[in-house]
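Taking the form predicted on its own, here's one chain by itself in structure tokens.
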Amino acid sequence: MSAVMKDKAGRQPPKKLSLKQNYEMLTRGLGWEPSYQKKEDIYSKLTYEGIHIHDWSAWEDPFRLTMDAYWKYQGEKERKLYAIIDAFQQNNGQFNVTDARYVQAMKIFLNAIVGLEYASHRGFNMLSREFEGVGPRVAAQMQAIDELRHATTQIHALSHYQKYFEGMSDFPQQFDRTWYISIPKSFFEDAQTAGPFEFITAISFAFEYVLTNLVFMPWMSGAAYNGDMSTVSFGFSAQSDEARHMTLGIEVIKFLLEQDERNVPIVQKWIDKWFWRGYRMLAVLAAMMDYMLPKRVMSWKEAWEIYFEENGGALFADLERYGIRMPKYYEQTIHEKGHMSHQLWSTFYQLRKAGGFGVWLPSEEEMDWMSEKYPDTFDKYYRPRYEYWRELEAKGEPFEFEGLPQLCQTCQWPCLFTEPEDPTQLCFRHSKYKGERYNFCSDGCKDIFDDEPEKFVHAVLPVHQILKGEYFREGADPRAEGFDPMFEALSYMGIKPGVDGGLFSEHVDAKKWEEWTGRPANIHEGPVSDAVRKTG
């Protein structure tokens, strides 16, 4: 037997740690017991939600990813990502997308997603400080870095478009102030102002695990199908991170449920709340998938059936053994899946002058596609509406809503959705609290408000702020002669009145697109065929 090599001092070299031991040393091994401060003072937010944790060491991280490995993997992904983005820009990839209507969807995506990623980054930074257990603290820290990375890569991937198209240069201002961006913004601000366990249930489970596939699967496939390799590149680069986030989401729920049976009703209430809030937030994705992709991958209805009804149904069947049931009001989503995208697009069309993107009525070919995808609803309820509006456009009298819509106090969408079982009647609910009336778009939103009204009475709703005269730029004088409140309100939101919104046929993007590419902007001409795209 050969002798063991020793150093000059006669010491044997240490044995190489296994991957599991290395992970333990670089996560759990970094924790310590406080000596001069009380734990309840250091982790002051862990108890007021009513959650009981008995053993933080029971937290399992299936990935067992250490920080040194994390930076190595992310660095490799960054190099590949920016090579693709650079190639996209060098080859004028913005002219290889199907047509300029697709870019209108990118305006919503950019103006919303970057702020959401950054808000999520802030939230997970707070968790990495507030959790007592070292395992979840390290997981939260890595996700915080992920979310910040996603925000920066999305800015870089989409910044090229803003050099050529309107409405994409003021995304921080639009995220803070625009009425249709207030919906996702309020979702994350609601989560950030909750306790640590509710936040991680809201983001890691309800959004990341249950609903995020609706964003990253059909939408990223739609980007690829429409020739937008810049968006696809950051989507794929983020997808491996999302796999970790989803795993964290299911681990969070199982950890909480296994720690103490008293946690079950609390977690169930959070699942009910955040499922509904996330579902309402994704209404904009439904309209984008069905109406804003010139070449479509699948309908919103199909995506909902695959990624929630089938996958989500299997998930909640697995959670039954913990005492968890399907989220409250999930049945309503079954009724609404044939209506939601059409109702929201109709709202965007009517309020087009207050939007930051151009809108259009679907072509005959597109309506035929929707008839096929929505056989029970589209021809009966929505085709006649679009045909009538097209007649008005042909007369030079396009229909629009002249007033300001009533907003839901909880989700902040206009009250545009219909009764679950009667699509001919708008759904309005209301509650009274301290002598004031608050309005809602659904029973789900009303329930959320009624459970914690003090939180939602402070919501900043853009329409209400306009009516109060508080949604104008600094120095604007409503008493001045010729004062235009809508012009000032849109300018405050970061929207250029008369430029960013309106009918796409009259939009500057459509005119520039035809000038730059020699191809029509495809108004009322249906999805662009492969042959047309290749010869363009």
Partner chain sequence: MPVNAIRDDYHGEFRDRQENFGGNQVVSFTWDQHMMIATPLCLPLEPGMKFGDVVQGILPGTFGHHPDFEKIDWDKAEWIMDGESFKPDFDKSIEENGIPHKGLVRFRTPELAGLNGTHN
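A quick note: this is a predicted structure, and the numbers were derived from the prediction, not measured. Residue numbers count along the first chain shown, from 1.
Not pictured, yet referred to below: the form predicted in complex with its partner chain.
Three-residue candidate spot Pro384, Glu454 and Lys468; every residue lies within 4.5 angstroms of its partner chain in the model of the complex by at least one non-hydrogen atom. Across the options 282 to 290, 300 to 308, 419 to 427, 200 to 208, residues that bring heavy atoms within 4.5 Å of its partner chain in the model of the complex belong to 419 to 427. Residue-level contacts in the model of the complex: of Cys415, Ile113, Met326, Leu214, one residue has a heavy atom within 4.5 Å of its partner chain, and it is Cys415. This chain is drawn without its partner chain; in the model of the complex, the residue among Phe316, Tyr322, Phe399, Tyr82 with a heavy atom within 4.5 Å of it is Phe399.
Although the partner is absent from this view, Asp484 stays clear of its partner chain in the model of the complex, with no non-hydrogen atom inside 4.5 angstroms.
Looking at Asp450, you'd find a heavy atom of it within 4.5 angstroms of its partner chain in the model of the complex. Proximity of Tyr438 to its partner chain in the model of the complex falls within the 4.5 Å heavy atom cutoff.
Taking non-hydrogen atoms only, Pro375 never approaches its partner chain to within 4.5 angstroms in the model of the complex. Although its partner chain is not shown here, in the model of the complex the stretch 388 to 414 places heavy atoms of Tyr388, Trp389, Phe399, Glu400, Phe401, Glu402, Gly403, Leu404, Pro405, Gln406, Pro414 within 4.5 Å of it, in sequence order.
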